Structures are given as structure tokens and as C-alpha cells.
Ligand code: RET
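Listed next as C-alpha cells is one chain, alone, in the form predicted on its own.
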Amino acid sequence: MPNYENFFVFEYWQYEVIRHAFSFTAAVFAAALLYFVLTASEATKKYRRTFYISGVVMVSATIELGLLYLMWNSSFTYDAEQMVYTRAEGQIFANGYRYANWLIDVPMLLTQFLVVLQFAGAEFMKRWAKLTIAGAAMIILGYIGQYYEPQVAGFVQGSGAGFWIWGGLSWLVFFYLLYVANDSVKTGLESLSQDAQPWMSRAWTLLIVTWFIYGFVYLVPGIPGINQSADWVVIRQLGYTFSDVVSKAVFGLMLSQVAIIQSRSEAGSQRG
């Protein structure tokens, strides 16, 4: 079943804002990729993996957002007389590309998260398995639920129960993921220098905020009173855009600062 966005007629500004959001996000990821490549040498070999992982995340995100941009352009046509955009015959816009991207990026982000927190060996693998499995399950369950968006929004006949069932399961896994990740932060912070700890705490707080924004905009099609408004499609896509940029590029930048600060601290301790 087509995603929620396909059932609207968009005013010119609504369509353009969403299109610009896609292009902006892809450009940010491309710029962030260059940053991670150029600054990896500022960290010691022990921490460079976080830069490389961020680079992989940026490549994946740039490709997927670029595809969304192209799909958005081809899925709607401009009616010059009415000055609106309507869905092009035979074309469909799909948020599924976002889920494909998240399925790659969430495990990657959680991996670099553990690298910077200095987990290693069996402890690293134990926490990595829990976080990766939970992260993948959260995305897959949400992916299944999004196919019920038109039904739950009332655009087509049928029960929207699947949206709430699969989405609800995704939220439950999300809370488990937060619990495991938060425990890792509390444990791992003790291994970081005093200068690096505030950066790590801010990065974790930022990630929590953006993940909750993801969860909220996911629910938009099922919220009566707003789910019939094209304005909320714009808000939804801007919410995804903000969360993508912050949880991938900004989060990666903050982790790179933790890695650089920690590298300098450890180098200073060895000289001392």
C-alpha cells in the first residue's frame, strides 16, 4: 500500500519545502563525509574506526536521500492552472527508502557508540549484539507498520490496526534499546577523560531527542485531527530531515570530538 504522502494535493510551497529538505539532507551528509575523511588522522589508531564508520553512514545516507529526492520529483506533477502538485499517474513516493537507510545506519551508529565508549572483547560483543539486534528489529517492525498508513489515516478502506500493532512493537523495542544503550553510556563514561565525558553525554542526549522525534512523526498518519492535513506532511518530512541530520551527521561529529579529545588525553598521559 502506498505511503501516506501519496494521498495529498500539495500547494507549491509545501512541495518545494519537502524537496529542498531532501536535497539539503543529502548535501549535509556529503559534506560530513568529507569532514570525517579529512579529520580521521587527528585521532589515534584506536579511535579512527569511529571516523570510518561515520563515513560509511554518510555514504549510505547520501545515496538513500538522493533517491528520495529523485522519487519525490518524479512522483508529483505541477498543475499550472490550480498551482498545486498532484501525484503523477503510475508514480509512487515511498518512505521505505528511509527504512533501508536506517537498517544500515542504526547498527553502524550503535557500533561507533561502543567504540568511543572503549568497550572491547567479550563485553563489546555482548553489548553490540543486544544493540544491533534491537536496532534492526525496531526498524523492521516500523517498516512493516508503515504499509498501513493509508488505512489508519482513512484514505482507503480497511483496518489500520496493523499500523498500531507493528508500530507499537517497534516502540517497545525502542524502549529496550534505550535501556541497553543508556546502561552502556553510564558504564563507558567512567573510562573517558573529564574533558571527553561532557561531549559524550551531550551526544547521547541529542540522540535520544532525535529518536523520539522519529517516533512522533512516524505516528502522524494515525493521529486524528492532523492526519488529513498536507501541512503535517511537511512537518513530518521536516521532522525526519532534522532527525536524520542530527542523529547521523551531528552525532557523528560529536563522537569524533570525543575520539580526538580522548586521543589527546591518552597521549598526554603517556608522555607524563
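Computed from a predicted structure; not experimentally measured. Quick note: we count residues from 1 along the sequence shown, nothing fancier.
Omitted from view is the form predicted together with ligand RET, to which the following refers.
The closest non-hydrogen atom of W204 lies beyond 4.5 Å of ligand RET in the predicted bound form. Using a 4.5 angstroms limit between non-hydrogen atoms, Y214 touches ligand RET in the predicted bound form.
Shown alone here, T50 lies farther than 4.5 Å from ligand RET in the predicted bound form, counting heavy atoms only.
Shown alone here, S247 lies within 4.5 Å of ligand RET in the predicted bound form, counting heavy atoms only.
Residues of just one listed stretch (83-91, 104-112, 182-190, 196-204) have heavy atoms within 4.5 Å of ligand RET in the predicted bound form: 104-112. Interface residue among V152, L117, I139, L131, judged by heavy atoms within 4.5 Å of ligand RET in the predicted bound form: I139.
The partner is absent here, but in the predicted bound form a heavy atom of W171, alone among F124, W171, Y97, W164, sits within 4.5 Å of ligand RET.
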